[in-house]
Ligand code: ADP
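Below sits a lone chain in structure tokens, taken as the form predicted on its own.
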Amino acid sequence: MASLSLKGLNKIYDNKVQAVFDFNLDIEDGEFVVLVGPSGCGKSTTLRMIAGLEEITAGTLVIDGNDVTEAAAKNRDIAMVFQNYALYAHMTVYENMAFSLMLRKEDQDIIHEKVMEAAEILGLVDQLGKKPKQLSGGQRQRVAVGRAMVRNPKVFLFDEPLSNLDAQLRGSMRRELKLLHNKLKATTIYVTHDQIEALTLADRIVVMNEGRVQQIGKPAQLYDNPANLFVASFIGLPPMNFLEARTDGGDFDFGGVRLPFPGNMVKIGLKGKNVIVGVRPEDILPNPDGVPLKVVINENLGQNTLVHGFLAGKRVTAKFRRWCDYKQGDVVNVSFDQEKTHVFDKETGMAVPVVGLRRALDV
């Protein structure tokens, strides 16, 4: 396997449209890195530049200490798994998995050994004689992964590999990919628009928007300490609630409803400032001494309940860790978990630095 270094990668197409701006990232040997963001954010373009399928307009790409910026795709020792599997319909599973090795004219015994080893790991031994049309979506995806595995590449690239699967199968394949990475310890770059995939699979996540990196960090870092409003809104399900407020003394003023600044914390430069207060649904807590939340919809999910309503005239979602039976029009008093309240500058969208008991954010 190998480390990667991406320095100042830019992609500008012939029509002068720039898809990626100054992308910088160092990836350690064996690391699983996920590029995540909405459609059109530049994540797949970045992956294709790494693969050699897109020309790098500016910047450098180093793999395992070698500058491959100008190298052809076939000379980068990279294996890519695509969204549509790209299997040969007329070939058996065995032949699909062996094809790249056959092109390299590997010894037949070595080809057989590698295919059987991959098939054993992926649970495909009893499927080797079948054609792709005889397989389920999940099995076809495993064949595509197996075809990449037998090459023993330096880097694995995945371009939204689970997008064509139904929700239940996506969850199953997500777990299989995680187990596979734990076993192979392969350097992996994975692209998805699904933040759940990013949070569950990644050692580190790169959040992108409009061609630019918004934040890089471990899943927990991005969840607990989003650098800006975009990351805060994109990472987390249900998404974070945002309420406009003005700071006044030691309180947030939500248009007449006041809540104190988080206890034992220092908010830097907040006095008399218009801000966006962010709070995740699970950090809105029932509290008889809190402020009123007027219920609109109550969604029981078994172990949790999503309560949608209005707080200070603004729509919010709370996630209570119990079964609730609120009706439309009911009022439940709530408070915010003070150690997990986020504050963003209304003008810049950047997180306001926080110093507190359990977290410190540098922006």
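It should be emphasised that the depicted structure is a prediction, and the values quoted were computed from it without experimental measurement. In this text, residue numbers run from 1 along the sequence as written.
Note that the form predicted together with the named molecule isn't included here; everything after this is about it.
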Note to self: Against the named molecule in the model of the complex, would residue 21 count as a contact residue? Criterion: heavy atoms within 4.5 Å.
What the structure shows: no
Notebook entry, point to check: For residue 338, is any heavy atom within 4.5 Å of the named molecule in the model of the complex, or not?
Noted result: no
Check: Would residue 49 show up as a contact with the named molecule in the model of the complex if we use heavy atoms at 4.5 Å?
Finding: no
Note to self: Residue-level question: is residue 41 within 4.5 Å of the named molecule in the model of the complex, judged on heavy atoms?
What the structure shows: yes
Notebook entry, point to check: Which of these residues, 69, 317, 298, 45, gets a heavy atom within 4.5 Å of the named molecule in the model of the complex?
Noted result: 45
Item checked: Per-stretch contact check against the named molecule in the model of the complex, the hit in 55 to 63, 309 to 317, 329 to 337, 32 to 40 (non-hydrogen atom, 4.5 angstroms) -> 32 to 40
Item checked: Partner contacts for 99 to 131, taking the named molecule in the model of the complex and a 4.5 Å heavy atom cut-off -> none
